[in-house]
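Encoded as structure tokens, the following chain is the form predicted alone, with no partner shown.
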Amino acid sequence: MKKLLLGNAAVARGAYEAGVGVVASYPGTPSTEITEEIVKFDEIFAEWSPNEKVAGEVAIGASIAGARAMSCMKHVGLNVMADPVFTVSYTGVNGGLVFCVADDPGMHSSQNEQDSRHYAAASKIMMLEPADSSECKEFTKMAFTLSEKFDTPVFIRLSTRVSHSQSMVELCEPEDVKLKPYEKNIGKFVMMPANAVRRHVVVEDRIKALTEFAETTELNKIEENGSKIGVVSAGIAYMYAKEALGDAVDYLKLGMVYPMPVKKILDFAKKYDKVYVVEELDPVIENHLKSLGINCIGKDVFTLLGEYTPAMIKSAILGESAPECAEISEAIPVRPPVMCAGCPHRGTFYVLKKLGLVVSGDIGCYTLGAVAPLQSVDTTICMGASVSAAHGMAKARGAEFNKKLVSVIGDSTFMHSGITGLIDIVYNKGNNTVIILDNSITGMTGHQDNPTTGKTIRGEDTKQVDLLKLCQAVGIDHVVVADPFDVKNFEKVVKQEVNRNEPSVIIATRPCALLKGVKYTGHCTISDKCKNCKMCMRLGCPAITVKDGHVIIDATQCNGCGLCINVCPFGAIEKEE
């Protein structure tokens, strides 16, 4: 049977058909749906881990115990997982072990455009790169087989367009994969220096074997069309090239992007007057060709930045112009990103902006606190950095800076990597105020549960982390729970906490307005008491706009959260049920 599947769903299907037993991940766009699709298969244990490092270690443990295991993440999540990944390259596997990493060229939902192929080379782990949903499924199945054959973890590299586009996939029955026997093997799995030295030899021998495998595997295939131009490509860039160039060129499609073949590439390249390398982001394939002495054309005509388009490729290789997309005659209105109507974070940032505080920000929906008109957030670096970076800022500028400095971090992000930063503040005698934005869910990636929600990935009841007790347990004596929509009280609490001479935590508690259990009703309207002071406009609520010089509230967008009622100084905003 065939079915139209997202690339991410196809990876999940491939893992299911390969008999995967354990999947552990942390949500991160564009990889999130892989694990969400895995949950549909009851025979697979799946979890949202607190962060990617933990997820990777869970998968590694499952592999050592004899199960086929997988962990999925976005490219920056691989940074968090890097420590165990580099070591499991040395230990090898027992059950097949696959790491799915989704890169984000164009930074649709990310803070950088890193190229995860560098991780494959640095850790000396095989990497496969599918180009469509069908390959996503087949490559994933093959990855588990290759993992066990070569005693290695295997990377599957996706990108936003592969993860989130759909194509037909042939569905098959799952393999009957039994747990491999578990045997104690200190020399293989205990990475103390004496053992690691010997395992490094195994890794280098494995790379030689994989390079030989790359010469003959069907993962790397040549398509001949009788052209004098050859194109070497992989993944979504290959699909763009095919769309742009059709049969006008010959192709070497690399499905295995690390290690790459040598003889196969040399034999391909010598047939052509010109050889082009089409790859998004860094010149990984191009540099490999050049190291073989091949005079290829790559980043001298293609950009290092963002995503490619068929029009770009057609222009660079064939010299033919083509429209980037269908032209629309009507003007398209600008639609900047904005926090949703009713977003619980809006009250927090309104107060922080009003008080003129320096805000050390973090990764999540609340990063939009940097956008006009709130413009509260001063820094955003990576998951958990709001807490640690603020500690460094305070230590650099002295005690008085603490009086105008706060960190903001979501509940899921705090679980991910904020706790250690808070411990650092306490241990090293910091004096910072940390605001945990507790919206009762992992918001930005689409409402996944986390250790603070009391639900597992399957919606089962579990122990719920108590943020108040946790903060007290690490040494914070002053922890205040406050509703950010109670603007007057929240402002009072923030003023009080930033002026303390010891570290403190404010837990800003209000659930995400989009949660099914949140039942705001009615909508807000502006009465004739309005003085047109436009104080409500400072909230940046998408439902509040100005028309003909007067403030209006769009009833179709307003969900009746009532925050604007709390900030209007003249009582001019009322709620209609």
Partner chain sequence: MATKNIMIVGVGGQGTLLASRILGNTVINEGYDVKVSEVHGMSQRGGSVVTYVKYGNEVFSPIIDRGEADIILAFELLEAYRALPYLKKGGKIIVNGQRIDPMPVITGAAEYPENIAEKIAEKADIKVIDALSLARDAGNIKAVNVVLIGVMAKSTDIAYDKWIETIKSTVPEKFLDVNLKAFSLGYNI
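Positions refer to the first chain, counted from 1. Predicted model only: the values in this text are computed from it and were never measured.
There is another form of the same protein, the form predicted together with the partner chain; it is not shown, and what comes next is about it.
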Option touching the partner chain, based on a heavy atom within 4.5 Å in the predicted complex, out of M192, A396, A372, L304: A372
Heavy atom within 4.5 Å of the partner chain in the predicted complex - residue from G187, G475, G293, G446: G446
Complete contact of K242, P336 and I544 with the partner chain in the predicted complex (any heavy atom, 4.5 Å): yes
Candidate stretches 502-510, 113-121, 172-180, 364-372 - the one whose heavy atoms come within 4.5 Å of the partner chain in the predicted complex: 364-372
C340: touches the partner chain in the predicted complex, heavy atom cutoff 4.5 angstroms: yes
Close approach of R458 to the partner chain in the predicted complex, 4.5 Å, heavy atom: no
4.5 Å heavy atom contact, K353 to the partner chain in the predicted complex: no
Heavy atom of R161 within 4.5 Å of the partner chain in the predicted complex: yes
Heavy atom within 4.5 Å of the partner chain in the predicted complex - qualifying residues of 284-320: Y308, T309, P310, A311
